[in-house]
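This document starts with one chain, in the form predicted on its own, laid out as structure tokens.
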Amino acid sequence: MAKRIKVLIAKPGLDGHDRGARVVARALRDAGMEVIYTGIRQTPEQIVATAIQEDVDAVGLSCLSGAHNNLFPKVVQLLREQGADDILVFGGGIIPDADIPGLKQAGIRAIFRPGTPTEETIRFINENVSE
């Protein structure tokens, strides 16, 4: 039997709106993935500690507050420092087009903005999680 993909969904920073993150978490769960949702107002350090402790395959970050350029790369950096750079990191939320290239350069593998079908996120994870 194949191992279920385990995904951590997290809301870094002071953003208090989590409806989109909850929708994504539910869709991933419905697609057969094991999902851990950390809740709102998590620090990058808390997110990375949970990702490592739970031995996740992927981390999905959601940000609506505009702090994505600082918070998302910080999560990737901390994962690398902890030797966990094999964890796939993707993001979502209100991310301007101009910010996406820099986020990808920092190690965020994909950005899913409002209106993206959840099937696209599911497909991305299934295709990109290392066996």
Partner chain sequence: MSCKEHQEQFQQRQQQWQELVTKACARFPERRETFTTTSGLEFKRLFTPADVENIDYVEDVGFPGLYPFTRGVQPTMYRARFWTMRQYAGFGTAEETNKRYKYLLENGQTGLSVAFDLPTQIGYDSDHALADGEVGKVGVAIDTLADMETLFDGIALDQVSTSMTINAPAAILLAMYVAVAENQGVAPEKLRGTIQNDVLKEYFARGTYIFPPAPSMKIITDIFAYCKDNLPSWNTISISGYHIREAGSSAVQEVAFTLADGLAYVDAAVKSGLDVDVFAKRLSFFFNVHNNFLEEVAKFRAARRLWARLMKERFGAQKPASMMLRFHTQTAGCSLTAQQPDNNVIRVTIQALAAVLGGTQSLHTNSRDEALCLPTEDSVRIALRTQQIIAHESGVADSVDPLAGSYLVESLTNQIEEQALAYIRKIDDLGGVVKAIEAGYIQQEIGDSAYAYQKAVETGEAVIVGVNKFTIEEAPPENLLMIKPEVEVRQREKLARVKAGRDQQAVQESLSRLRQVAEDGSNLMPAILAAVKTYASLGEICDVLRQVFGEYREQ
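Only a predicted model underlies this, so the values are computations on that prediction, with no experimental measurement involved. Residue numbers count along the first chain shown, from 1.
Separately, the form predicted together with its partner chain exists; it is not shown, and the next lines address it.
J.: For the three residues I5, G32 and I111, which mark the spot I'm curious about, does each lie within 4.5 Å of its partner chain in the model of the complex through at least one heavy atom?
T.: Checked in the model of the complex: no contact with its partner chain for any of the three.
J.: Of these, 77 to 85, 52 to 60, 22 to 30, 100 to 108, which stretch puts a heavy atom within 4.5 angstroms of its partner chain in the model of the complex?
T.: Flagged stretch: 22 to 30.
J.: Residue-level question: is I94 within 4.5 Å of its partner chain in the model of the complex, judged on heavy atoms?
T.: Contact check for I94: yes, within 4.5 Å of its partner chain in the model of the complex.
J.: Give a yes or no for A67: in the model of the complex, does one of its heavy atoms lie within 4.5 Å of a heavy atom belonging to its partner chain?
T.: Looking in the model of the complex, residue contacts with its partner chain include A67, since a heavy atom lies within 4.5 Å.
J.: Though only this chain appears here, would L71 touch its partner chain in the model of the complex if you measure heavy atom gaps against 4.5 Å?
T.: Because a heavy atom of L71 falls inside 4.5 Å of its partner chain in the model of the complex, the answer is yes.
J.: Taking any heavy atom pair closer than or equal to 4.5 Å as contact, tell me whether I40 reaches its partner chain in the model of the complex.
T.: Flag for I40 set to yes.
J.: Any residue of 96 to 127 with a heavy atom within 4.5 Å of its partner chain in the model of the complex counts; write them all down in order.
T.: Read in sequence order, the residues that approach its partner chain (within 4.5 Å, in the model of the complex) are P96, D97, P114, G115, T116, P117, T118, E119.
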